[in-house]
Structures are given as structure tokens and as C-alpha cells.
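Just one chain is shown here, as C-alpha cells, and it is the form predicted alone.
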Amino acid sequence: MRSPSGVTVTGAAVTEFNRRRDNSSFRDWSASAFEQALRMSGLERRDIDALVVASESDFFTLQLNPASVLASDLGLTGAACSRVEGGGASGQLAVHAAVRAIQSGHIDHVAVIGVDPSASQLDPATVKSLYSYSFDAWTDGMSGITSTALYALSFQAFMQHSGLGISELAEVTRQNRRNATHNPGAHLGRTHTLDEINQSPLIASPYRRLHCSPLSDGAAAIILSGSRLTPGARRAAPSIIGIGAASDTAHLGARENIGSFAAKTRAMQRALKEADIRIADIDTAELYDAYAGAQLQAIDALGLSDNIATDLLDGAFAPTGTMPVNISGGLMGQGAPVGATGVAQTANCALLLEGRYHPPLQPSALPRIALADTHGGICTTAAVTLLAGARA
């Protein structure tokens, strides 16, 4: 492993992910997550040099330029502020922007906030239409095709060359929702039977309703600090040791293999190279599972298993397994406010590395290296972050 990047996660917090019915707004959730992360960091507001906000769509927040509005709300006036958007990858890309800002040597502490009211602001039919514009709006979004249909098409191709299928989809759903029952902030903690999953309504073959992540509201925040730590800042905090991002063609049909998440593979290779570690060094992973099949495609693209079907059924990806995946419940269990997703993944990984995660889900042996992975579109934009515990 290379010497640390000089960037540590000194604060981390995730609000509840659910459908808000209490008249609160994205500004309230952002403030709650930020206050918790700031308190954990040991810093003061005046120490924060920059704010990076991840938010997928202005249609959800009904707020253009949300970064400057949140900077004002949070008492960060004077700090540099910006907004990052990359579909489902927005949160991880915001983390990457903050890491590079600190590595520039001109900034010491950055607050990263991911937020979206994906559930309560608009009706589901409108949200479905908006998500279709995450792809090429001319050829996909305006044609009426849905994200579920495109994901399903990609997974159908993946099934053909991987041998994975319906039973593995059901097992991913069952494991992630079961993990979420131990996450007090999760949107869909459920104990599903395989029959219940396999008999839920068909949305786009092979995807059924219970194979899909929910629309959620919520926010997540992390405080990233450089090597020039301000007095009071925590020092024994996890480090971000490698980041990587990549892209693929926006049109699924233009790819050589429509079932493969090639951009994720490239992003992973770049992150591993920067961290100077091997895949085998990774102890736990939070993966982007907008659909159950997307988790299987991610495991394949990231190289986390040589035999996914066996590892899945043998419990290798369970919280007590050899490679725990989505201990939080993932998007399918914890929930999916899009802008918050990647920031929450990074926060969860940092808390797991420190032994601060929810006790029923915290591995008894502290993981040393953690992976956070997101993508936008059908893995059109991929972003990977690698973190190491202070004792790694």
C-alpha cells in the first residue's frame, strides 16, 4: 500500500433514508448530517475551507445552486462551495472532488454533503420519467424507455455469459434487506422469503418489484481533512488511499458487451493503482445495487469473486462472511436518495473501519480496507473509492 493520500475521513454521518412525511426538506436533512459529522471531526465551522454538494437533480430539490444555499444555512459563508452531479455516481464524484482539492495543498478541510428528496418531492411517475433522462434524453428518455428496462436488458446479457439468474437475484434481495433490518436508519429492512421475492410483480424481465431499490429521501455528510490537521481534529481516522473514475458509451447498444460494467472495471484499476493494493486486500465493500442484478454485475466487474454463485449462497458476502458486501443493506435496503448514496457509502465504510458502525452489523474483527462503489446510468459513469483504517 502506498503512503496515505494525506486525506482522512475525520467526520461521517448518515440520516435516516425513508419517505419523509413530516414537512422537512433537503435543507433540514443536510444540516442534520453536517452537524453530526462536524461534531465527530472535532472541528469548528471556521475550520471548513470548502463545501462540495452532491445532488442529482434540481427537479427534486427545486433549488438551483444548492451549494451556496447550503453554505449559508450551515454557517459556512466564506468557504468555497460547488455542486457535483453525475447521476447515481454524484456522491462518489463529490468525494473525489474533495480529495483532489485537499491534495492540491491549498485546502485543509472539506465538508461533503450528498442529498436528494427522491421520494417525497414528486410523484413516482414523474420521478421515473426524470430518471430516464439520466441516459441519452433524445434517444432514450424521450422515447419512453425506463431505467428498469435498460438495467433489465443489460442483466439479460450478463445472465447469458455468467450463468447467474433468478435464484441469485432473489438471494441478493434477501441478504441486503435482511442486513437492513439491523440498520436503524434503513428504508426497507425486511425479512423476505424467496417465494415472496419470486412472486412479486414483474416490472421488466427478469426484474420484479422486490429486485428494485426504493425511492428515498435523506442526506449524508463526511468531513475530509488533510495532513495539516487543525488542533482539535481527530488524528486516528480512516484514510482515503485511492480513487478512480471512468466512463462508457451513453448508449447501451454501442458497447461491445452490454452486460459488462466495463467503466467500473477501469475505475477499480485506477483506484487500486493509486492505493498500490490488490483486490485480495479488500475486506468489505459497499456496492451500487440499484437493482439486485446490478450488484452481481458490480461484483464481477470489480473482480471481488471468482465464483459469484457459490460465494453468494455460501454466505461469503454476508456481514460475517469473507467479503461482506452491503452490510448497510445497500440501496435495496438502506435506501436510495441518489445524491446521498455515494457519500453514505463512504461514510459507512469509514465507520466500519473504525468500529463505529451499528453494533449488530459491525464485524468483530475490524476490516482494514474498504471499497465504496457507485455508478450513474447503466454504469455509464463509474466511481470507486478505497479507504484504509488507521491500523492498516
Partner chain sequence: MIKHNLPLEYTLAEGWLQPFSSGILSGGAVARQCSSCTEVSFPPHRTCRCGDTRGSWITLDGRADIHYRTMGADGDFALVKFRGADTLCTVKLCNFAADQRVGQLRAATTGQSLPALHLYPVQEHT
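Positions refer to the first chain, counted from 1. On a predicted model such as this, the values are computed, not experimentally measured, just so you know. Just so we're on the same page, rigid core means the largest C-alpha set that superposes within 1.5 Å between forms.
Keep in mind that the form predicted in complex with the partner chain is missing from the display, and what follows is about it.
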> Of Gln160, Ser129, Thr191, Ser72, which residue is found within 4.5 angstroms of the partner chain in the predicted complex when only non-hydrogen atoms are counted?
Replying inline: Gln160
> Within 4.5 Å of the partner chain in the predicted complex, heavy atoms considered, which of Leu202, Leu313, Ala236, Ile166?
Replying inline: Leu202
>> I need the one stretch from 78 to 86, 274 to 282, 139 to 147, 177 to 185 whose residues put non-hydrogen atoms within 4.5 angstroms of the partner chain in the predicted complex.
In response: 139 to 147
> Quick one: does Ala125 come within 4.5 Å of the partner chain in the predicted complex, counting heavy atoms only?
Replying inline: no
>> Is Ile258 part of the interface with the partner chain in the predicted complex - any heavy atom within 4.5 Å?
In response: yes
> According to a 4.5 angstroms non-hydrogen atom cut-off, is Gln156 in contact with the partner chain in the predicted complex?
Replying inline: yes
> Are any of the heavy atoms in Ala152 no more than 4.5 Å from a heavy atom of the partner chain in the predicted complex?
Replying inline: yes
>> If you apply a 4.5 angstroms heavy atom cut-off, which residues in 248 to 263 are near the partner chain in the predicted complex?
In response: His251, Leu252, Gly253, Ala254, Arg255, Glu256, Ile258
> Core-aligned, is the CA shift for Ala119 between the shown form and the other one 2 angstroms or more?
Replying inline: yes
> Between Leu64 and Ala119, do the C-alpha atoms lie closer or farther in the predicted complex than in the shown form, with a difference of 3 angstroms or more?
Replying inline: closer
